[in-house]
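A single chain, nothing else alongside it, follows as structure tokens in the form predicted alone.
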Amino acid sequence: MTGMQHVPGEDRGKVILYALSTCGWCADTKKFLTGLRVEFSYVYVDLLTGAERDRVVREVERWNPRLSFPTLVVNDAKAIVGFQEQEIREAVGA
């Protein structure tokens, strides 16, 4: 995925943040993960175009049918919708 960015940190499993570039809660989630020193990848869905955007939107909808942001997916098993500090902390074991 060309729009995916990687943030280095401690390996806590596969952590992907689907976000919007203009979303304050998305920025807070990104900052929170960085503060926990968790390795994660993120993508700003609103900056994608064409087929890639369509594919990523379908991916987010699989985890979060309301298609709201941020949507955080941990280990392809758990989705956390919104900025939920405690849930995030528990999901990444930090």
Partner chain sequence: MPDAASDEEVDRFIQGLVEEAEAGGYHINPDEEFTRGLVRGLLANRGRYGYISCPCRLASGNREDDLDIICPCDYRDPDIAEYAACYCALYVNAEVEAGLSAAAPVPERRPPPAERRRAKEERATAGPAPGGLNYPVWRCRVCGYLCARNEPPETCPICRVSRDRFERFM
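Computed from a predicted model, the values in this text were never measured in an experiment. Numbering follows the first chain given and starts at 1.
Beyond what is shown, the protein has a form predicted in complex with its partner chain; the following relates to that form.
For the chain shown alone, Ser41 is not a contact residue for its partner chain in the predicted complex, no non-hydrogen atom being within 4.5 angstroms. In the predicted complex, none of the heavy atoms of Glu52 sits within 4.5 Å of a heavy atom of its partner chain.
Although the partner is absent from this view, Leu67 contacts its partner chain in the predicted complex, with a non-hydrogen atom inside 4.5 angstroms. Although the partner is absent from this view, Asp46 contacts its partner chain in the predicted complex, with a non-hydrogen atom inside 4.5 angstroms. Counting a residue when any of its non-hydrogen atoms is within 4.5 Å of its partner chain in the predicted complex, the hits in 16-51 run Leu20, Ser21, Thr22, Cys23, Gly24, Trp25, Asp28, Lys31, Tyr44, Val45, Asp46, Leu47.
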